[in-house]
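Only one chain comes next, encoded as structure tokens, the form predicted on its own.
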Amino acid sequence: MPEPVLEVRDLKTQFFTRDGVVKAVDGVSFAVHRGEAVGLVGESGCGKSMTSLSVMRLIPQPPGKIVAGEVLLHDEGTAQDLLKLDESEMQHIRGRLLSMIFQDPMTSLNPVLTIGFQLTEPLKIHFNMSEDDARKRAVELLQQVGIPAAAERLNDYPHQFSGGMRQRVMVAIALACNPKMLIADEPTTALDVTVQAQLLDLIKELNRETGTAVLIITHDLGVVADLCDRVMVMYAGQIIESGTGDEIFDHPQHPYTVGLMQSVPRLGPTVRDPLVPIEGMPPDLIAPPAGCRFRPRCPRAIAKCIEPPPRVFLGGEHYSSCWLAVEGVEDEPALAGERA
């Protein structure tokens, strides 16, 4: 493996509320390498977006705070820990080396500024471009993401674009400075199937031709299967399984990953298998259950699950944080009742 572009080590982000401390991201570690696309999947509320916002240093403070960990951004043989930089230093990194496609283009674009202003601003800041050069580059970016009459549309405001077009503008802004690392947080949300396919093709082309490292955050397993080299499965603020796409989709090991696969609708005239939902609700992250956090919902929970599970190597790049992956443990009796 080449040197990673982004390396996250034991990241912990917490929110301090009146009800208690919410452990939104609790000990997350991963790396993304040049030219690699990595998917981060899981239910809503599992900590995916909080992980990306922590990496970008965009957690609202207060009530949020990154309490531990390292976020290393590698560039030309050097590594910077983003958590140790002040805000002015982060402003030089966001958009230039590390960029993000935000989940909701309705709220991510400034409604009182033209699309042209919002596209040219990062080019002027990071590359010191003139107004004319920045507008030429902005037109190229809008054409790249498939917006017709790009030169004329620079003078339009966000409300004059459809939802799909606004999402394309968000992609154009994220790609403006050719970042080394791109984070895409639910990039296909609220888009029709055709626009989704075009957007994913654009991200794949960027990943393949420029070597940009990509982290895709989504709950859509179809997007991950189509786009990603590796997959990380997140639950209750922790990564509970990771591996290549083939390892995760063909041989899921953690019961939660298996549950996600079984809850995906399958199309076809011969498909007769019913959907199998995951029973119960995600845990309260102020007071998560002891041991494995999936234990109260797990159909295969055993007595050992009351203890925190180890991270077990399964071969290749496949890891699972589950006691069932530990040799010999599966023979223990299953927990009865609510598995608590």
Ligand SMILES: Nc1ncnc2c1ncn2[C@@H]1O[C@H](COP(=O)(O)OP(=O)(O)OP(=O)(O)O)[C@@H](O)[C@H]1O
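In this text, residue numbers run from 1 along the sequence as written. Quick caveat: nothing in here was measured; it's all calculated off a predicted structure.
One more form of this protein should be noted, the form predicted in complex with this ligand, which is absent from this view; the next part is about it.
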Which residue among Gly35, Pro289, Gly45, Gly69 has a heavy atom within 4.5 angstroms of this ligand in the predicted bound form?
-> Gly45
Contacting member of Val28, Met50, Val312, Met56, with respect to this ligand in the predicted bound form [4.5 Å, heavy atom] | Met50
Hey, in the predicted bound form, is Val22 touching this ligand, heavy atoms inside 4.5 Å?
-> yes
Is there any non-hydrogen atom of Glu247 lying within 4.5 Å of this ligand in the predicted bound form?
-> no
Looking in the predicted bound form, any heavy atom of Phe15 within 4.5 Å of this ligand?
-> yes
Do heavy atoms from each of Leu11, Asp229 and Gly316 fall within 4.5 Å of this ligand in the predicted bound form?
-> no
If you look in the predicted bound form, which residues in 277-295 sit within 4.5 Å of this ligand (heavy atoms)?
-> Leu285
